[in-house]
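In the structure tokens that follow, a single protein chain appears in two forms: structure 1, then structure 2.
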Structure 1
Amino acid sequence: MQQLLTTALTGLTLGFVYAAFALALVLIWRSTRIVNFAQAPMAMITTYVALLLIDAGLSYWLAFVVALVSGLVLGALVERVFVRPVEGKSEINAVILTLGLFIVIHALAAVLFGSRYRSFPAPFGLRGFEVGELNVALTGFGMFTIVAVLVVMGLLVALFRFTDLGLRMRASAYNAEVARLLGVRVGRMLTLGWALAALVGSLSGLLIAGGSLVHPSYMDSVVVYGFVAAVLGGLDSPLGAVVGGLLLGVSLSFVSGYVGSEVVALAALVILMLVLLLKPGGLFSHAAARRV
């Protein structure tokens, strides 16, 4: 009972982080049809920015905000400088480009910050609550994780649903040509989309790092889990990404708790293969007309 509860709650917390990361991938996929594999190192480097500030004596919260803002700037920069030239071209070129960025950011971080493990502080406690005999594994930081992801998701929904800017962004993603004819600055909307996605990615990086160790490749497996979560949800649907992230977090937590932590990535691979073979459009897809 104790282990079951602990595993489920740990999985749920992790699931929210994967959901945030998957959401970042989906935001970019929807607008530019590119899977941003460089999302992981981008989140990693903004976490290092936060770590530098914290080490310099600033408060966790200031560092947190600065990291999110630097994620926003980095996302915009990457889209404008590197991704713009390959948008709408062969999909292999975009994949290779984001992988190139992956290697570059990775190596840069190792050159600038060294590749040793460094501990990253958490603003809240890392001990679970005690309810009678039972030790509930929901920590203060875990609750913060869930709340932070929910707040960011709520803000994104509000942006896309209720604001003029959100409408223009949706229009650019849905049909760039028509949107352009209607006077939407599509290029700017795409840049903004990448910036927002990088911000959400940075959030997940900070949440994974909290109370744990940071090194240049600590986000590498998260990009895999985020991708699997996004594909579970259909890669096109923000809601699907969130549900996929939660499902994946809980299932991987069970694999880790009951089988072994070494096979977590293998389990993710198996889940991905099954989804792609049985329901390539994601768990919520209906039978769609086949595009020839």
Structure 2
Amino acid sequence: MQQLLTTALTGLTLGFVYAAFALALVLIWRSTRIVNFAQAPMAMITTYVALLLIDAGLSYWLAFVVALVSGLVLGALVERVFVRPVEGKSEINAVILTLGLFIVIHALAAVLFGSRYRSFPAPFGLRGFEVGELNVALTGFGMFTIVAVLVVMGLLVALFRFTDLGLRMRASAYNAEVARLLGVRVGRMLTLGWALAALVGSLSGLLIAGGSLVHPSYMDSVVVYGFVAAVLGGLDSPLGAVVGGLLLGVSLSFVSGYVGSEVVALAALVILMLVLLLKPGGLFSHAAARRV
């Protein structure tokens, strides 16, 4: 019973971590139709910004806010400087560009911050609590992660469903030419999409780093599992990203706890293949209506 409860709660917390990163992928996909593989190293950079401020004596929450703002600015800069020149061309160009940025940002981080492991603090406790004879493996920081991800998901749903800004962002992503004819400033919408996605990515980097160790590659595994979570739920659905993250996190936690940690990556690959074979658009995808 104790192992079952611990495995489930560990998977739940891990799932929300994957969901946080999947939300960043979903946001940039909905606003630009690009899968950004550089999202992880961009989040890593802003996490290091927070760590430098904390080491300098600033409070955790001030460093937290500065890291999020840094992500917002970094996302806008990357879109303006690197992505804008290839926009309007083949979509694969932008994807390959993000893979190149993935490598370059890694190398840059190793030069600027070094390659050694560094401890990153957490604002809340990292120990679970006891109920009778059971140890509940749900920490204060874990509950903060769950609340943060749910709030971000709710904000994204509200943005795309209930605001004119979200509608303009979606129009710019789906058909830039028609959006321009309707008066939408497509360039600004794409920049905003990258900036907001980088902000959400920065949040995921901070949540993953809390109470753990950071180094230039600490987000590499998360980008893989976050991508699987986003595909599992559907790249167009913020709710799907969260559900996909939870299903993946709990599934991999049970695989690790009852089968072995060495087959976790294989299990993630099997889940991805099953989704692509049975429901390629993800669990929350909708069939596109076509007028004949």
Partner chain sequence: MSMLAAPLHRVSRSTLLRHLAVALIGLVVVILVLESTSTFRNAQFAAMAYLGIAAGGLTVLTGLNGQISLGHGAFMAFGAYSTALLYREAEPVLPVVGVLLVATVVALLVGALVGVAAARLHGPYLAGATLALAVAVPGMAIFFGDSLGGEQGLNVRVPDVPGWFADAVFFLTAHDVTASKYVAYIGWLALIVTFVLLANLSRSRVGRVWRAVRDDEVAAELAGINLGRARVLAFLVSAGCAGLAGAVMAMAVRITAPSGFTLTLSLTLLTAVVLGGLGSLLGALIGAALLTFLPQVVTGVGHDLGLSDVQSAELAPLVYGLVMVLVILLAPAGIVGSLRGWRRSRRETT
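Basically, rigid core = biggest C-alpha set you can superpose within 1.5 Å across the two forms. Keep in mind the model is a prediction, meaning the values are calculated, not measured. Every residue number counts along structure 1's sequence, beginning with 1.
Trainee: Given that just one of these two is the form predicted in complex with its partner chain, which number is it?
Mentor: It is structure 1; that copy is the form predicted in complex with its partner chain.
Trainee: By the 2 angstroms cut-off, has the C-alpha of Val263 moved between structure 1 and structure 2 once the rigid core is superposed?
Mentor: Yes, its C-alpha moves 2 Å or more.
Trainee: So that I can tell if Gly183 moves, could you say whether its C-alpha shifts by at least 2 Å between structure 1 and structure 2 after the core superposition?
Mentor: It does shift by 2 Å or more.
Trainee: C-alpha of Leu156: shift of 2 angstroms or more between structure 1 and structure 2, rigid core aligned?
Mentor: After core superposition, the displacement of the Leu156 C-alpha between structure 1 and structure 2 reaches the 2 Å mark, so yes.
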